[in-house]
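Given next are two forms of a protein chain, the same chain in both, each as structure tokens and marked structure 1 or structure 2.
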Structure 1
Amino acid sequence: MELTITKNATCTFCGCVCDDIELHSDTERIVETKRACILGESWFRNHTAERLYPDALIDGEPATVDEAVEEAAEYLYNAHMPLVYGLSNVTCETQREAVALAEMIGGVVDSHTSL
């Protein structure tokens, strides 16, 4: 099968954020990495585009994303002091949305930095 080559891909595994990585991939997985270190290489190989997990889980049972979104909104809306936490392994665009959500639900937003 023809491999797709992605030049100057960005590794987000550590704070170096190397943006000179070459990736060779098929439709489901990355099969080769160039210039990444061992940590970066295992990071790229560890994630695939396979459907390994259910779209969503509610109380441990498979559910649709729509149902899970409604359920999540209900919990967050009803809470007096909800917490939005994490934000390290997501994009800045996601972080911005998370801050907006935290503001609307009147909660605390926090990241790994506070540890």
Structure 2
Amino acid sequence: MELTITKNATCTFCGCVCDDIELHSDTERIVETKRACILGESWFRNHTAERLYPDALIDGEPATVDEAVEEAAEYLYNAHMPLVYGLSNVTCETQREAVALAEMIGGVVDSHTSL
């Protein structure tokens, strides 16, 4: 089986944002990483290209993305001090948008590192 090689991949797992990682993958899995630390290697190797779930679920049932966005908006609208959490594995741009959303809905932002 021929492997696909992706050079200069970026790992966002721990926050160091290493961007010189080389990934070797088959059609479903990353089978080798080069220049990734032990955390990055584990993170990349445990992610697959498989589609295990539909694009969206509402109450465990398949839904369209538009339906899921509407449902999420309703939850946020009705929430009292919603928590925006778990932003350690996303880009700076995504974090910026999450903070803007938290401000818009009167929510709070917390990090996975807080105790």
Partner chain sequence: MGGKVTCTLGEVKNRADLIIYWGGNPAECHPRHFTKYTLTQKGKFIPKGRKDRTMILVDIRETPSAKAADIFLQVRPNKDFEVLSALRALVKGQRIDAARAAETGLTVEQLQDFADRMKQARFGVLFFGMGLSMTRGKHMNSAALLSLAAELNAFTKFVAMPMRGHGNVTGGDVIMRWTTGYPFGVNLSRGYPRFNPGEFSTVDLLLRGDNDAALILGADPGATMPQPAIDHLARIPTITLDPKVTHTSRLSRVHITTAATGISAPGTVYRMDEIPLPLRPPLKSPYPTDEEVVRRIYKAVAKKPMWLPLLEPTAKG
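The first residue in the sequence of structure 1 is number 1, and each one after it adds one. What we label the rigid core is the largest C-alpha set whose atoms superpose within 1.5 Å from one form to the other. These figures come from a predicted structure and were not determined experimentally.
Here, the chain labelled structure 2 is taken from the form predicted alone. For A98, the Cα coordinates differ by under 2 angstroms between structure 1 and structure 2 after the core has been superposed. D66 is not among the residues whose C-alpha shifts by 2 Å or more between structure 1 and structure 2 once the rigid core is aligned; its shift stays under 2 Å. Once the cores line up, the CA of L87 ends up less than 2 angstroms apart between structure 1 and structure 2. Taking the core as the reference frame, the CA atom of T12 shifts 3.0 angstrom between structure 1 and structure 2.
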